[in-house]
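Heads up, the chain below is alone and in the form predicted alone; it's given as structure tokens.
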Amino acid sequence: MITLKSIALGLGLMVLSAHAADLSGTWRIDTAKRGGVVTHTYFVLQQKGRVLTGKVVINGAVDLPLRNPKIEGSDATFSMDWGNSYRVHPEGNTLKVAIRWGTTKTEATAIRVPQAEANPPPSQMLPAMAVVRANGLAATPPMGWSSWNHFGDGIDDADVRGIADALAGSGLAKAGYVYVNIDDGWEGGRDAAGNIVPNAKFPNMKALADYVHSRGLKLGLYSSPGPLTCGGYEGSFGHEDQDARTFASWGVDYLKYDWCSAARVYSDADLEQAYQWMGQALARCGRPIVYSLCEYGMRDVWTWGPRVGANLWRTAGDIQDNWRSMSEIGFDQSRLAPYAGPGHWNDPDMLEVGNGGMTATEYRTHFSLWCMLAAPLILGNDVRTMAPDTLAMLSNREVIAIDQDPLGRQGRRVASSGGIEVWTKPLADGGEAVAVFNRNDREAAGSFTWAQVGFAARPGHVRDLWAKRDLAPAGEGLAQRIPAHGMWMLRLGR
């Protein structure tokens, strides 16, 4: 018997059936980048009725599962871990895609492609485990500038020359900031001989290196052990020695090597060998090149980084320009102090000072904490247009000296109570750097005793490094009111 209920149920099944075939498949969005490079993002989707599953392959480099997928009529919405959210609408063999990232909204068209197109290339045989001889570089934590935090992959030749001029002209170079590092977005592909070439934004990398060197600075580049970089540009997979020789021929002084698409061709267990391969390649390329690993702290990199020839290694995920991100990363570093030293440094990521997401007090805490950590000081702001107070902060020679102290010891937490933390860092002259941090959202009293910071008696000398004045040591220690998210940094002499 045909009833209204059965008719309604049948119509519902017809709708679900119509929807079921709409989104299943592999879809590609092509994005034209400045410099003539086209990157590809894939949606690999499976739809069963009103249930949608799958993944997004961002820039062909990073596989991220769908978050909160929903079927809404003929459309679908989902997000993923990098913060992007999508609404897709099927139109024949295409998807109309609305993309939101933060407050930014864009639209794109995705075309249906064979599923195999979204797959990574086959893996390659990794070298046998071996220890790469130390290169003798980075006796103190590297200092310089990197393009990513401010420019993303939009950096070009003119920007880099302008940054080099600003570092040299502002006094930052004399303060120690000598590396000018081009992060993702410079790569163009490979020539007929397999040599990596820059894209149109960088017409002559050798000439650019020569210009940077003429300003008394050094040039850094970025690549990946995977087929593609995080941004979808050419990686060094299968060309490790060839790329190391090319970098050396251009005059490169620093290489940041970012895991990203390597996760699509290697397992996490291959991490050390994949990084060792480039470490070996740099060791035989004929030029001293600082080797920076970017692997987000996976597999306790601080325990094996020196073995692969690395001078520094990331200990956490990407920093963001806000108090929560900076403080969560920075204050988690104390446990890693035993692994830092001359030639091999823990890297909590680049500095955000001057990018606008934190207050001046928070930026001063950020900078001071990184110096207490003996962290690489890699600026991430636009040094061509920074405010005078930002320049003054980044140029504080007395604070920089704590970071660059030749003993090479990383600071550590020695006391913590009620949101107040006391950190110490041993110095080559027998003294101690002391920083008292207020992690609270309100002003609070910060204090320490001489015994807490390693002194059996009063120190012979106390210097406030931000006030730039000497203090008279008295009693059993010192105390001071500290603003919310602020700090108090001292140098104590015996």
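Here the structure is a predicted model, which is why all the values come from computation and not from measurement. In case it trips you up, residue 1 is the first one in the sequence shown, and so on.
From this point on, the text means the form predicted together with ligand GLA, which you will not see here.
Within 4.5 Å of ligand GLA in the predicted complex, a heavy atom is found for not a single one of 377, 426 and 491.
Although the partner is absent here, residue 318 is a contact residue: one of its heavy atoms lies within 4.5 angstroms of ligand GLA in the predicted complex. At a distance threshold of 4.5 angstroms between non-hydrogen atoms, residue 256 is in contact with ligand GLA in the predicted complex. Under a 4.5 angstroms non-hydrogen atom cutoff, ligand GLA in the predicted complex has residue 231 among its neighbouring residues. Ligand GLA in the predicted complex is not approached by residue 345, whose heavy atoms all lie more than 4.5 angstroms from it.
Checked against ligand GLA in the predicted complex, the residues 313, 177, 370, 222 give one hit for a heavy atom within 4.5 Å, which is 222. Just one of 95, 350, 274, 301 comes within 4.5 Å of ligand GLA in the predicted complex, counting any heavy atom, and that one is 350.
Of the stretches 291-299, 68-76, 276-284, 354-362, only 291-299 has residues with a heavy atom within 4.5 Å of ligand GLA in the predicted complex. Taking ligand GLA as it sits in the predicted complex, the stretch 182-212 comes within 4.5 angstroms of it through a non-hydrogen atom at 183, 184.
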